[in-house]
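A single chain comes next, written as structure tokens; it is the form predicted alone.
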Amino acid sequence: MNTVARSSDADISAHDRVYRTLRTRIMHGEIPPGAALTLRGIGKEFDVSMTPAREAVRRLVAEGALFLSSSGRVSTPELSNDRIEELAALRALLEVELASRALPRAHIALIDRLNTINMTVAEMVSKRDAVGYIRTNLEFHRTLYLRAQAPAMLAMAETVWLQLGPTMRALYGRLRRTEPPNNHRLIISALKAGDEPGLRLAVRSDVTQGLRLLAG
């Protein structure tokens, strides 16, 4: 009985480790759109059995981070223009509201933290590090939105980021960005000034402009 329980606990732990690692990779654009993943390959990389590998993939498919074809092929999604537009609109709705809710709690320490993260964003841009850019860009947004104290809304926003991760990597390559996003500076300025309309506009522009370029 105890042996079975320990084995079950080990499977849960292994599944969670595989799930979290793959989820982070997908969200940060480390895996390009349309890339195939196999249970055998996942099991070999993480040194786990097929059961935790299958369970991790099942969860990621349910979240829209991976696509399961009728033939059983598992891959990162290749989004249509309509789907990109839909997810851009979702980002605008959710993230503008999160930023607005965060504004009354935007103390000096938060603004200083956002400035620091934005300097790292600029560094990643100068290095042309696409994955580093996506990671630090999302850190900038998450740090602000945590102040909204709206965990359900933030979880929904993160699911959208997860579905967009591979596409964001493709977008970065197309934009050939050489400077950090100006909208981040506008977000910080609006927070300092307590300017809610300016904050909402800056966030909406930041989360949709690039995606709509890609969809266009």
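Residue numbers here begin at 1 and follow the sequence given. Remember, it's a predicted structure, so these values are computed and weren't measured experimentally.
Although not depicted, the form predicted together with a further copy of the same chain is the subject of the following passage.
> Give me the residue from Arg83, Arg135, Arg113, Arg142 that has a heavy atom within 4.5 Å of a further copy of the same chain in the predicted bound form.
That would be Arg83.
> Just to confirm, with a 4.5 Å cut-off on non-hydrogen atoms, which of Ala102, Leu79, Val121, Leu87 contacts a further copy of the same chain in the predicted bound form?
Exactly one residue meets the criterion: Leu87.
> Evaluate Glu30 for contact with a further copy of the same chain in the predicted bound form, applying a 4.5 angstroms cut-off between non-hydrogen atoms, and reply yes or no.
Because no heavy atom of Glu30 falls inside 4.5 Å of a further copy of the same chain in the predicted bound form, the answer is no.
> Flag Arg58 as yes or no: does it have a non-hydrogen atom within 4.5 angstroms of any non-hydrogen atom of a further copy of the same chain in the predicted bound form?
Contact check for Arg58: yes, within 4.5 Å of a further copy of the same chain in the predicted bound form.
> Verify the contact flag for Ala36: yes if a non-hydrogen atom of it lies within 4.5 Å of a non-hydrogen atom of a further copy of the same chain in the predicted bound form, no if not.
Close contact is absent here: in the predicted bound form, Ala36 is far from a further copy of the same chain, nothing within 4.5 Å, heavy atoms only.
> If you check in the predicted bound form, is Arg54 within 4.5 Å of a further copy of the same chain, heavy atoms only?
Looking in the predicted bound form, residue contacts with a further copy of the same chain include Arg54, since a heavy atom lies within 4.5 Å.
> Can you tell me which of 150 to 158, 40 to 48, 184 to 192, 164 to 172 lies within 4.5 Å of a further copy of the same chain in the predicted bound form, counting heavy atoms only?
Selected range: 150 to 158.
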